[in-house]
Ligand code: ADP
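First comes one chain, alone, set out as structure tokens in the form predicted on its own.
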């Protein structure tokens, strides 16, 4: 099939989170499966156009007040022959941020910016005389793609195309004042009938969920969770209505970037067959973070956005968080790398100053993230919800046993420890409370000191687990067939 990926992010060009990794890795896997894949993202200010090849100097994109003229650039996705196209418009994308900046976290004109990207996907196809079977949109920034395909681009060369929308995180929906709707270029009659209306607001994702021929999310458990009021973020009724079109497909791991046997960012490489290098990584992590170099003490690592979704209130809340108790009542070391909410950054600095066995690095450093993943004995992921999660997948591959809440992709990828048999690949809890995080971490630490053979076997078992994008690509191929069938049925063919 011909597949156009439309996204606000794609590694290595523009990345704010796991969405970028998923888009690029899935595209490569689909190409390996025999599909013809192309990617479209904006050319943000920080993407150097001198490294790109100009394609079209004057791409006319339909917009509310006549067409908007954009430029188009091209390069290849690394380790593939997949063309990546960059839509350039200085007014909308010539900024430092993807969605916003530190001073303006959410650009006020994001509706207009991503409407231009989404409508630009169709202009791109016309300019290239290349018409996909599948438009695959990712999250709220490109949720307008299926809307445009259904309501504005139904005929001509797009008559047989189908749309797929992947929900990477339902917590982000593209909610803006209703007054921004004209920026979509769609008639006001569609504001209600196409599902944009949410109270006094415009909801881009809600309209995309209604318009897409097929829907996916990034793990089977999350696909079920988001159909409930607890996890549905106000859209559970829409998702229940579309349940027959919704499929959960687990993300994979890019083995070229995340594999301890070939990881160039590590001081020592290792594998399941030869684990010695992991101890060297642990010693280097301890040295770098100013902790005593001690192979006998369990090291708990955490690499995370410091956001409420990630359980930071239960873990680091100054009045009731469990981190202080863990570090004062257990014989362990605790390392955290991340950035986010200001109160949490302040608390992490305070804990680092007060506790001899706790260290935090504020900010994100790719090399340090790899070292924490490799050098830790346990990786803590206490999320309120987790659509898929890459942290625990990396941890398993690196032999660092995850301590996780049983939710979303965490539930699909981690097997709970059985201290009677020694089976499992990690340690799980159900209700997210400071007490449950403390108790489950204590359980892991107890096993470290008292069930050494269990820990060794769990580590080997974890490193044997395979989370392949090639498997995901097979499932997406089936889903694309479903989407095409749904599109034909919708058109009465």
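Numbering follows the first chain given and starts at 1. Quick caveat: nothing in here was measured; it's all calculated off a predicted structure.
Only in words, not in the display: the form predicted in complex with ligand ADP, which the text now covers.
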Non-hydrogen atom contact residue 364 with ligand ADP in the predicted complex at 4.5 angstroms:
yes
So, residue 339 and ligand ADP: in the predicted complex, are they within 4.5 Å at any heavy atom pair?
yes
Should residue 19 be classed as touching ligand ADP in the predicted complex when contacts are defined as heavy atoms within 4.5 Å?
yes
Though only this chain appears here, would residue 358 touch ligand ADP in the predicted complex if you measure heavy atom gaps against 4.5 Å?
no
Is it true that 258, 304 and 369 each have at least one non-hydrogen atom within 4.5 Å of ligand ADP in the predicted complex?
yes
By the heavy atom within 4.5 Å rule, which residue out of 390, 121, 312, 204 makes contact with ligand ADP in the predicted complex?
390
Of 394, 378, 86, 140, the only residue with a heavy atom within 4.5 Å of ligand ADP in the predicted complex is 394
Which of these stretches, 283 to 291, 348 to 356, 149 to 157, 331 to 339, has heavy atoms within 4.5 Å of ligand ADP in the predicted complex?
331 to 339
